Each structure stands twice: as structure tokens, then as C-alpha cells.
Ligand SMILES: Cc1cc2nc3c(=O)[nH]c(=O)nc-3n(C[C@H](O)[C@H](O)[C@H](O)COP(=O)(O)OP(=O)(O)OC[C@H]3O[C@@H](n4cnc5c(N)ncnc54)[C@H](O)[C@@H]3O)c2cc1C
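In C-alpha cells, the next block holds one chain alone, the form predicted on its own.
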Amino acid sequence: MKKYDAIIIGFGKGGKTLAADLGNRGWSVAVIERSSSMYGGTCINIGCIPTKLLVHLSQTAHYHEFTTFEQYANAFHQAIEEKRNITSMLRRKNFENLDTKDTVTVYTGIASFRSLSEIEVRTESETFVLEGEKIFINTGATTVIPPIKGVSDNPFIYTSTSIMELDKLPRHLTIVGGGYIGLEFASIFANFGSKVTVLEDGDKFIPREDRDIAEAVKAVLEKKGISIQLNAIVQEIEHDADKATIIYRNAQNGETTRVEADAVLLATGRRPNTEGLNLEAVGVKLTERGAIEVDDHLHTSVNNIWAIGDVRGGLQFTYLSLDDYRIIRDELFGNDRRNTGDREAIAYSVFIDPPLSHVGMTEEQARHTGRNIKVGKILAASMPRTLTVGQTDGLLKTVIDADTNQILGCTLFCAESSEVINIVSLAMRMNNNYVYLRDNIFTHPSMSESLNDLYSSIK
């Protein structure tokens, strides 16, 4: 039995960064990844990198204003090929970054616990056991497949992973689920020239956002030709040799509608991936939502076992998985002061076109706290930068504590918002009040200077 100082199950952002760090410090490290197509984790293979590349390439195709579907289809095919080339390169680079270290060994196989320190690894050719003093679980999340009649063995059904392997652009894509993942794909395929229908079973469009922001997003997507149906409860997905037929019921009036499509994307969420780990054998507890339960230092209910990234539940962002690594590094080699409670003003971006970015509270959330608040809003089109990049759609909004002038939250639905939101996030973490952004000197023309106007609009 081979013994290691650390065993890391999963090749995601936090785990691979931790493996490299430990290996550089002379620790013996085993990294176990169940699939050779997932070296490097979700982000570079099926998440952030390929989807954002397709966002960019779809915008390029949209700007060409092709006159035929075949032209769009060719652009889509080329985009998929470019995506494959880039992810393959990154996957190879990530594997080599670890496997070339004398102190790190990468195993491709399925891991499961045999004891508190023993991990069974089942590869295509053999089964063996590794022993580790410290064990880190970094197995990410997996797509939720809803129990809809007709989904199983349906050749027209795709997940967010498999739809990025399509070689042929669908003329009509129907997306089941109106969350952020579904909307990103809706924007991508609409820019490539597909007809897109989004079926959302809830009665509110992107309910996490304020209604004025949600309506602005909905209007922009509909301008792209995307049909958004709320209260749409999918009953069944039929298919024949040429197409799928989605049958859904309107939850308000009970009417049943049939929609034909040559591709159906299931975008109904992701759940922590704990399948096959045999956690019950060692007493690692799960939350009610199926995530691995951790404390604020990422320890599980078993002291020598940690959980990193999406598998521990909460917000599923690559940058939080990276920060998980920082917390563990600080515990092992620093002053043990970092913990998950330190995280304030964590921003997120949804890469529709234009991107939607947010940090902190919404106006609705702030009002529910009972605070005395002020709100600022401007249209994206008022900023010169939107004219220079040809993307004038959108709305910018911020919420301020009227008594302290502290920034409570900010939502930017505009060009380059995924960059600008980080400035707001940093200001919030540094406890700067909104005047700091209102009067800061930004370059021109840039979207950063929109913060001058936004924070001058406070009423």
C-alpha cells in the first residue's frame, strides 16, 4: 500500500492548486481524478472557460450579421472546434503541471473511502488502496437531471456539458430552466442564430434580482428573439427521428402547449458530487441538500478530512474554490486566521450579452433589513464606452445605507460589468463609502467611469 502525506480526490481549482503547493513544499501527494477528460476540473473543461469562449465567439458571429442560417452554423462549428482545442490544451497543461512533479502522482480512477486514512482507487485495469495522512475532497458538482417523462435515452436531450459537444447548430433550442446557466446558453445560441425558447417553472424571471433589473434583462434577451415562458411546468419530452416535442403546462391557467425543437437543454441546476465516495463508512456528514458539511475552516465532521469547492455546497464559483485553498494553506502553514466567515462582498457575473454582475444586497433585500436606504440608477447607454463597443443595452443600479453612506449592494447589467463589479466589491471590502467611487478618477472612455455617474445619481 502506497502512503502519502496528502490525498486529494478531484482535480478542481482548489484541489489542484493545493496539490501543487504541497508538492512544492516536499509533501508526497496523490491526486485522484475519475475522468481523464476532467484534468483541471470543471472550470477549464465544461464550465467557465469553454462557456465564456463561446460567449465571445457568439458575439463575434452576431456582429457579422450573417444573412443565412448556414453561415451561422459554420461559425458555430468553428467555435466548437476552437473550444475543443483550447480545453484540450488546458487539460494537458494542468495534468503536466502536477504529474511532472516528483512529489505528486496523478491517478485516473474512481475513489472511495475504506477507512479514515485509506482510499480505494478503481481504474480501468486494476483496484488498489492508497493511504493518506490528510485527505481533501474536491469532487465538484454534477448536473441535476429532472424526473421528466421522456428524458431517458432521448437523443435530443443535452446537459450544459454535452451541448458544448454539438457539431451542428440547432435551428430551435428549447431550454428547460430559466436560471443563470440556462440564460447564458440562451444568449450564446441566440447570437449564433438559433431560435431559443426558455421554459421556467417559476412565476418570476431571475427571482434573485430586483424586478427592474430582471425586466431589463428580459427585455434585452427578448430583443435577441429569445422566447421566455414563465410558469411552464414540463410534463413530457417526446421525440421521433427528427425532433423532440416538449409538452408543458401553464401553472396559472392550466393550458397545455407543445413546442418542437431539435435540441433540448436541461438547465435545472447542479448538485454536490458525492456519489461513490462511501462517505458513510467514515462518518463524513452531509447537509440536508446533499453537500459535505464543513466548519469555517473546511474541516468535515472527521478532523483529517477536508472538503473544497462545489462539493461542500453554497455558491459554486471557481474563485471560491481557490479561496478554499487559501484557507487550508493558512491553517497548515500560516497563522490559521483565514476562514469562510471572512468572505464579504463576493461578486458574481452571468455572461449573457451584455453580462449581468452583482455584489452585496439587492434593493429588496436591503429594504427587508429595515435600513434607511438610498438608490442610484443610470442607463448603460448614457456612458460613452457603450457607444465605442457597440453595446448600449443595460441598467446600472446601486443601494446605499442612507445613514452611513456605505455601499450595501450593486448590480451592473452592461458591457464589461464582469470587470467593473470587482472595483465595487473591493471598495465594499475596504469599507469605503460611496463617495470614494463617486469622486475617483477613472480612465476615459471606460466602463469603470460609469461608477462616477452611478454614485452621483444617489437619491
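The numbering used is simple: start at 1 and walk along the sequence shown. These figures come from a predicted structure and were not determined experimentally.
Beyond the structure shown, there is the form predicted in complex with the named molecule, which is absent from this document and is the topic of what follows.
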Check G47 for me: does it contact the named molecule in the predicted complex (non-hydrogen atoms, 4.5 angstroms)?
yes
4.5 angstroms heavy atom contact with the named molecule in the predicted complex for L356
no
With a 4.5 Å heavy atom cut-off, would you call R270 a contact of the named molecule in the predicted complex?
yes
Is G376 a contact residue for the named molecule in the predicted complex, using a 4.5 Å heavy atom cut-off?
no
Pick from L408, I32, V29, A61: which residue has any heavy atom within 4.5 angstroms of the named molecule in the predicted complex?
I32
So which of T105, N231, S160, S117 gets a non-hydrogen atom within 4.5 Å of the named molecule in the predicted complex?
S160
Tell me, please, which stretch of 273-281, 196-204, 362-370, 167-175 lies within 4.5 angstroms of the named molecule in the predicted complex when heavy atoms are compared?
273-281
Relative to the named molecule in the predicted complex, which residues of 1-36 have a heavy atom no more than 4.5 Å away?
I9, G10, F11, G12, K13, G14, I32, E33, R34
